[in-house]
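Taking the form predicted alone, here's one chain by itself in structure tokens.
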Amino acid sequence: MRASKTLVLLLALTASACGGGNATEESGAYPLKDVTMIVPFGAGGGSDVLSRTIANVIRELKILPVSLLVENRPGSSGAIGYTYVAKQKGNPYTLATVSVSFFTTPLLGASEFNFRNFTPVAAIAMSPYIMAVREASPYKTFDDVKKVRRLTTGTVGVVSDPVLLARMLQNASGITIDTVPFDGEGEVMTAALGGHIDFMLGNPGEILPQIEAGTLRPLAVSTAGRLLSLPAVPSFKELGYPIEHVQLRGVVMPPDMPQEALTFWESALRRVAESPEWKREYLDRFRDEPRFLGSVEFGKVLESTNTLYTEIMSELGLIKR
């Protein structure tokens, strides 16, 4: 009887070792279950739209054998959502998109986690900034701007890309630039169109419709070269100023990510970035520029961007280095 029980036990162990369970689980194939994209902000904002468009294109291209679920975790200028992701150490089933708050909230001391606590996956598009004035403005070209000593511009919040770019422009040109805070991007646009501020710095999605309507005039762009959508408008670099800054649309994962998961998502996001679906549903819709960076290169950009924010925020007296 004892020998019979022993034989049964040995047979069971052998069957288990030979694959008696779920074949997919034992093969270690990734992904085995649904993946969650965390949005550290509310529904309807830029990060939310980006995440949901990525998920939709991935579904259309049938890249995933499982679902990519989008989950909003807003609050504390992104700190709640990003903290949640950073604490998912080694979890290959959590993603998040990068925003300005990804850098500024930790620098302001409002989050214990910074960009070093995440695994860079890829950047899939870029949103440059356009310096524009209202059509009735006396500034017809950037040469006209260089002749003045003081200008005003608008921004949403105390810390933003327009604040950073305004400071870079002030440092490079010697022109004093006063930044006026507003409650929303619509208010900044209204102030620019009404002549209450001298110029605004906005993404193509905000600026291009107004340029096409003849209500705003572009003077310069923040990329190294000219934009595909504005081939007649020079870059700051072309005008002789060492100014280059764009908002990269990218994805990160928690720390200590398994190489298999990182490789999978880097490849998946490359497919998204190079697809006609992505061009139609995101690039053309929001007027962003195509750009793909793999994990290593994207990681270097995250580091340089954080350094840039640190320098400018220190100059503005917002943080101590």
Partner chain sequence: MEPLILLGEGIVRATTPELLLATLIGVLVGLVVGVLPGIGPAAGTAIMLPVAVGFGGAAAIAGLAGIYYGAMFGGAVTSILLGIPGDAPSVMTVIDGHAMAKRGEAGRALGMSVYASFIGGVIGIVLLALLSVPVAQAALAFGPTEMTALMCFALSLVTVLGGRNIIKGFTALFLGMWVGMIGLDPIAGPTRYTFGFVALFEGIEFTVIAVGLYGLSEIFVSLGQETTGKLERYSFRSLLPNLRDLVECKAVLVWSSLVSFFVGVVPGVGSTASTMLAYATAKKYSKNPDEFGRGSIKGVAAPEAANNSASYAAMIPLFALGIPGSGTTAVLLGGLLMVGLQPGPLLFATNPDFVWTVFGSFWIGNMMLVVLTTLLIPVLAGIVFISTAFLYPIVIGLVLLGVYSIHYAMSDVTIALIAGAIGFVMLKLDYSPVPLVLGLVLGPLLERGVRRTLIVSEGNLSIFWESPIALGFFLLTLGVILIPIAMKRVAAFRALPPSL
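Keep in mind the model is a prediction, meaning the values are calculated, not measured. Numbering follows the first chain given and starts at 1.
Although not depicted, the form predicted in complex with its partner chain is the subject of the following passage.
*Asks:* Heavy atom within 4.5 Å of its partner chain in the model of the complex: which of 178, 238, 143, 135 fits that? Just give me the one.
*Replies:* Of 178, 238, 143, 135, the residue with a heavy atom within 4.5 Å of its partner chain in the model of the complex is 178.
*Asks:* Would you mind picking the one in 29, 43, 66, 69 that has a heavy atom within 4.5 Å of its partner chain in the model of the complex?
*Replies:* It is 43.
*Asks:* On the criterion of a non-hydrogen atom at 4.5 angstroms or closer, are 76, 182 and 210 all touching its partner chain in the model of the complex?
*Replies:* Checking in the model of the complex: 76, 182 and 210 are all within 4.5 Å of its partner chain.
*Asks:* So in the model of the complex, does residue 158 come within 4.5 Å of its partner chain, heavy atom to heavy atom?
*Replies:* Contact with its partner chain, yes.
*Asks:* Any chance residue 286 has a heavy atom within 4.5 Å of its partner chain in the model of the complex?
*Replies:* Yes, residue 286 is a contact residue.
*Asks:* Considering non-hydrogen atoms and a 4.5 Å limit, does its partner chain approach residue 116 in the model of the complex?
*Replies:* Although its partner chain is absent here, residue 116 would stay clear of it in the model of the complex, with no heavy atoms inside 4.5 Å.
*Asks:* Does any heavy atom of residue 266 come within 4.5 Å of a heavy atom of its partner chain in the model of the complex?
*Replies:* No - in the model of the complex, heavy atoms of residue 266 and its partner chain never come within 4.5 Å of each other.
*Asks:* Select, from the options 291 to 299, 30 to 38, 46 to 54, 252 to 260, the stretch whose residues sit within 4.5 angstroms of its partner chain in the model of the complex by heavy atom distance.
*Replies:* Careful reading of the contacts points to 46 to 54.
*Asks:* Of 177 to 204, which residues get within 4.5 Å of its partner chain in the model of the complex if you count heavy atoms?
*Replies:* The stretch 177 to 204, when checked against its partner chain in the model of the complex, contributes 178, 179, 180, 181, 182, 183, 186, 187, 189, 190, 193, 194, 196 at the 4.5 Å heavy-atom cut-off.
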